[in-house]
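What follows is one chain in structure tokens, specifically the form predicted on its own.
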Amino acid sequence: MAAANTAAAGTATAAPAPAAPAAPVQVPRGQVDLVDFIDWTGVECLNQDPSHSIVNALKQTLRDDEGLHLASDSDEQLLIYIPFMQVVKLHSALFKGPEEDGEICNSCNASCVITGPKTVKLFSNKEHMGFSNVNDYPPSDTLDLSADHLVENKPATLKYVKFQNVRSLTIFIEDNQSGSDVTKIHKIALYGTT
């Protein structure tokens, strides 16, 4: 079972110089980035590497820095809790994973390994979830992300009817693209309306 490292959103860790900027995000029409509506005092991430915390992937200025990322600690799973300051309607979510030296990647034909998330389960308004009970509840939606999806900077559309009155979002990263023990995420962005 994954370790339970819980940390409220705080300061980011030091990182190498930023890489070249990524392609611009294709924000869905009529939707906004919900980062300004997150209640940062309540954000938590279980099983995060303390030196690569959730703020690196979620906070606006940090998540665009290719040198920073969120990483899992004892295994590939992550459990992220994001409360909002007001009720939101969630339309789509973007997950961007890093490419690392290794195997050949389909999207860039270069030698890389994608350690970004593969199976992502989203739960609307489910508080106090842990690794011991995350499978006791049906997810509001499940995303099966491809390696190409993680490098294209393109949000995945959610089952909009399931995310109409969202006070909090719990994200369960079940596994990753490469099957390795560490999941890395450069960016998590949530799009919708208030």
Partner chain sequence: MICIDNSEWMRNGDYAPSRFQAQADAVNLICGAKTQSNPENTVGVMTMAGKGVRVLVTPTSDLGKILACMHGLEVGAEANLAAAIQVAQLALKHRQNKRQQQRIIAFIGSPVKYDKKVLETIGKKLKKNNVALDIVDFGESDDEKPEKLEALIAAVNSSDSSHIVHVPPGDNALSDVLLSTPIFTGEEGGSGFAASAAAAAATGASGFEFGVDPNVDPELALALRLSMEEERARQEAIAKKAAEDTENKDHASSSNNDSVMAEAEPATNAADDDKKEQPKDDDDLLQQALAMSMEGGSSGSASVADAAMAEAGAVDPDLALALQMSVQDANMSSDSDMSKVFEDRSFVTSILNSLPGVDPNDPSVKDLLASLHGQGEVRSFLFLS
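On a predicted model such as this, the values are computed, not experimentally measured, just so you know. Residue numbers count along the first chain shown, from 1.
Although not depicted, the form predicted together with its partner chain is the subject of the following passage.
Across the options 27-35, 45-53, 163-171, 58-66, residues that bring heavy atoms within 4.5 Å of its partner chain in the predicted bound form belong to 45-53.
With a 4.5 Å cutoff on heavy atoms, Asn135 does not count as touching its partner chain in the predicted bound form; it lies far away. Mapping the unseen interface onto this chain, Thr41 counts among the residues with a heavy atom inside 4.5 Å of its partner chain in the predicted bound form. Its partner chain in the predicted bound form comes within 4.5 Å of a heavy atom belonging to Gln77. Relative to its partner chain in the predicted bound form, residues Asp73, His128 and Phe131 are all within 4.5 Å by at least one heavy atom.
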